[in-house]
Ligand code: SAM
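Below you will find one chain, with nothing else, as structure tokens; this is the form predicted alone, and questions on how it binds or moves follow later.
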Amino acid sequence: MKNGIYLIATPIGNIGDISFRAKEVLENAEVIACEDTRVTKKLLSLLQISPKEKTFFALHDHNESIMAQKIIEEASDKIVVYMSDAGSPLISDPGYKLAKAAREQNVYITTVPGACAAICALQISGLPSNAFMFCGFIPNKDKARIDFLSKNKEVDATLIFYERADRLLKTLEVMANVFGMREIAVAREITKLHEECVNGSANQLIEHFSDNPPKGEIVIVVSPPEEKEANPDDYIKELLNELKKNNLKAAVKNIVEKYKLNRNEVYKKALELKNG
């Protein structure tokens, strides 16, 4: 096994989700960097991997800048693992600075894929998955929460957020104002005994979780905004501008892609404008 840094995804609930490859790397690892050494040692115990003769480093938000270089130095001649307490490293977890520094210093770094709560929630939500954006944790402060959700309102993709159970109702109240009647899925306790995914509008979800206070880790998935019908005046004005800058074919292509219009109709209108 090659010396370097291995980013290992760990189970988000069900221990059976650890991969064969992840277990093999953990068995061979000489150095293990993690958020909480107690959590990691417990996982090793469940996997029947001895922590003896392994060096452990705690790497978290508050010390990553310092610890990253130490871990990179270890990786020059050792098999080094970095892992989160649960899920895929770097996804709303520390590790970015470590990965960036390793790339910059030409240190071998690879991923050992596995569970990721954001992807799992998207899969079971039943919401569009062809285009999605992971937005991370929602801010705690009221104004910051409103600004954060409003900023992402018009993104043409399914949105994925992490949230704490005790803040879910407050967040859904803001989402009711920001996202209106867009379909939302709240997934919690994914892969665990009490896994649940509830879909509905923000107001419907407020009603449900007011009667059934949520527990556990929460992932919120929001459906994309509905496509707006193009205003003829808007696209014709823009088509005129496009015809001034580009040839007929390029102008039509740009307008069709932007407004999701029928190409033949736009081409016909472009000819009228060009000849008129």
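In case it trips you up, residue 1 is the first one in the sequence shown, and so on. Because the structure is predicted, anything quoted here is derived from the model rather than measured.
Omitted here: the form predicted together with the ligand. The next part is about that form.
None of 146-154, 75-83, 166-174, 182-190 except one has non-hydrogen atoms within 4.5 angstroms of the ligand in the predicted complex; the exception is 182-190. For the candidate set A251, C34, I218, A68, a heavy atom within 4.5 Å of the ligand in the predicted complex is found for exactly one residue, namely I218. Note on the partner interface in the predicted complex: the residue among M133, I91, V198, V178 having a heavy atom within 4.5 angstroms of the ligand is I91. The ligand is not shown here, but in the predicted complex it comes within 4.5 Å of a heavy atom of F137. The ligand in the predicted complex comes within 4.5 Å of no heavy atom belonging to Y108. In the predicted complex, the ligand stays beyond 4.5 Å of every heavy atom belonging to I18. When contacts are judged by a 4.5 Å heavy atom cut-off, C116 counts as touching the ligand in the predicted complex. Contact residues in stretch 7-34 (any heavy atom within 4.5 Å of the ligand, taken in the predicted complex) are limited to I12.
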